[in-house]
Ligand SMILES: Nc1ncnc2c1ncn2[C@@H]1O[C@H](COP(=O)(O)OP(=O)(O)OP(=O)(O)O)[C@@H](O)[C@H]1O
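A lone chain, given as structure tokens: the form predicted on its own.
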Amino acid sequence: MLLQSETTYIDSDMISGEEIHLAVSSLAKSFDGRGVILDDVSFSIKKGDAVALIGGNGSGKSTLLRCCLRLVEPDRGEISLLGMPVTSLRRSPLRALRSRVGLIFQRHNLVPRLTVLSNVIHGSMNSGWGFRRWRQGFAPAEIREQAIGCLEKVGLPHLANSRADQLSGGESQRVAIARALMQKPDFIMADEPVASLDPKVGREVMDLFVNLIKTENITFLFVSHDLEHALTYSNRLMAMKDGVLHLNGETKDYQTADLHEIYG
């Protein structure tokens, strides 16, 4: 039986305070033809937490992530994100709240024909003057400097003028992270962020996330099928099964065998 890795990158001592950044209460969601996807899900995440969300295919992980930002409308329940009542917000304040959350997906969603720097600048489009932030040549000098700074945080300033379609998978994901950092997020949500990468590059990207959590004081919620990543890169762990939250606690209290039961 494999035990939790002795090398834990995040622990409770890193948590910056008791402020709640995400609180979910009695959340439920069903889809026609698929039945119940989320069934009375409740949990909270503190500021500075790194939380791994695991579960088998169809367990409700991605739907839960999207409901937290109302990218998917929940059927019932309450959601508070960064102190704002997500479920009752109108369009404009909801858009403003979403701009404070960096979203990272398995698909990096870069614009292939544009430069790396232009793609990173896209992360600032929600703050206004969107057309001036589509290409680096149109963006104000201050915005270009911020984008270079974000590339430096992910270790890729030397690729600023390369086209996005010339990047490796790991480089593309780092650029996607830099783009999210342009939002100056308080929270990052990542859905299988390294699933398309080879193991070595995947570890490097997860190490990058952890470093950003510490240096940028960002709360982190990530969906993963990789049990080693879940145990190594989080201080809290949640596990979904059949739309129900089965595990929710400190990562140090779980072993690999506990997590295998979720997939049984």
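The numbering used is simple: start at 1 and walk along the sequence shown. Computed from a predicted structure; not experimentally measured.
The same protein also exists as the form predicted together with this ligand; that form is not shown, yet it is the one meant from here on.
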(Q) Within 4.5 Å, heavy atoms only, one stretch in 208-216, 58-66, 193-201, 43-51 touches this ligand in the predicted bound form. Which? (A) 58-66
Q) Just one of Leu27, Ile37, Leu221, Leu231 has a heavy atom within 4.5 angstroms of this ligand in the predicted bound form, so which one? A) Ile37
Q. For Arg70, is any heavy atom within 4.5 Å of this ligand in the predicted bound form, or not?
A. no
Q) Across 222-252, which residues bring a heavy atom to within 4.5 Å of this ligand in the predicted bound form? A) His225
